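In structure tokens, one chain follows: the form predicted alone.
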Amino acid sequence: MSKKATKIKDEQMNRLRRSRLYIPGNNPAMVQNAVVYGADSLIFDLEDSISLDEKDSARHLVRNALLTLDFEGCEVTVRINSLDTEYFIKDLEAIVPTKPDGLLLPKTESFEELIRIDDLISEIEEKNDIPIGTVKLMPIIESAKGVLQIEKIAEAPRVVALGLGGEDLVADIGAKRTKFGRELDYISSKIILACAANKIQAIDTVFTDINDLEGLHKATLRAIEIGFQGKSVIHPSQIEQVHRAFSPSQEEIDRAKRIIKAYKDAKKKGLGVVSVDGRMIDLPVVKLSERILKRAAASYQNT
């Protein structure tokens, strides 16, 4: 991997995606006001939330929004329809020229389909004088077949994050859906490990009970504990609880500061070994500490 590619991966790994808010692409009011909700990442949806007879109008609305609205630095993504639908190419041709930060790919099941999608996006980028590779990909794992290909999917070009699509996945494998996703533990671990190995982010599935905000908070804390870097949400009211869960404690902040300072001091002195609070510190621990401080800064800005 080139130094440039590595830099892009590092930037994407460290980008804040604590909350990714799904916004129906056929809802003008929500599309217009998307940035005020305070999510780290916006997902304008052209897939599941859109009926067949509204696909074209939703695509048109989202395209115009991306061309005209100021999203004030918020990550802007679009969930397009899957490769095996008649809407896929139409979505690509309409959305890619607007240069969104990324495209969410539902029901992703293979490395090969991502290579094909990469080629198609490259053609559109080139046709519109957009640098090749500008539009990133964020596949969603929603089927048993996709689970078996997670490691390869995480390695595909343009991929900067993998999402867990819990509702469809549970139905596909025939499991019983539980409130806190116990049935998805193994699959969650596979996604998290594949993402960590490829320096990309793992994003947890939605919490569907929008009235149980405390349950959402607990589910998000658990997602953080096992390694997810973000959580998808389906209602603006869920954002605050997710961000609260991602807010580091003062103890975590203080320790992160000590780790980074000790590491920098050791580098200045030419020391190869450094310890903090009796524990050896290496670069991955430093990177984690940097992410903690970034989340802390974002939490402070949101207060």
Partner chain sequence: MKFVKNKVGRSIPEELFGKKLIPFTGKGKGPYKERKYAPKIRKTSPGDSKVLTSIQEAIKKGGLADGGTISFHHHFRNGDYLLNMVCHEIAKMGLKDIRLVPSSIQPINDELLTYLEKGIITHINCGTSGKIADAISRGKMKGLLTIRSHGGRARSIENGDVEIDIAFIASPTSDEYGNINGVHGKYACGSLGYAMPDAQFANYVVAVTNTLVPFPNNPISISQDHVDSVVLLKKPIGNPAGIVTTSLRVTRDPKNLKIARDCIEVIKASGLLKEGLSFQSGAGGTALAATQFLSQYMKAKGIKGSFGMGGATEALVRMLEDGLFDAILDVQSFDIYAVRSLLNNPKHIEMGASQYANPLSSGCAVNLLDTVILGCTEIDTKFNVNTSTESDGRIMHGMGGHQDTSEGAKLTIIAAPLQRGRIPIVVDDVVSVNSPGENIDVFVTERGIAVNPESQYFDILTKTKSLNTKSIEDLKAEAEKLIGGKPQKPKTTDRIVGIIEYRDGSVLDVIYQVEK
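Numbering follows the first chain given and starts at 1. The model shown is predicted, which means the values in this text are computed figures rather than measured ones.
What comes next is about the form predicted in complex with the partner chain, which does not appear here.
Contact annotation: of the candidates Asp129, Glu214, Glu72, Asp209, the single residue with a non-hydrogen atom within 4.5 angstroms of the partner chain in the model of the complex is Glu72. This chain is displayed alone, yet in the model of the complex one of Glu54, Glu252, Glu240, Asp48 has a heavy atom within 4.5 Å of the partner chain; that residue is Glu240.
Proximity to the partner chain in the model of the complex, taken as heavy atoms within 4.5 Å, picks out 25-33 from the listed stretches 25-33, 271-279, 242-250, 258-266.
Although the partner is absent from the chain shown here, none of Arg17, Thr178 and Phe228 has a heavy atom within 4.5 Å of the partner chain in the model of the complex. With a 4.5 Å cutoff on heavy atoms, His60 does not count as touching the partner chain in the model of the complex; it lies far away. For the stretch 39-65, the set of residues having any non-hydrogen atom within 4.5 angstroms of the partner chain in the model of the complex is empty.
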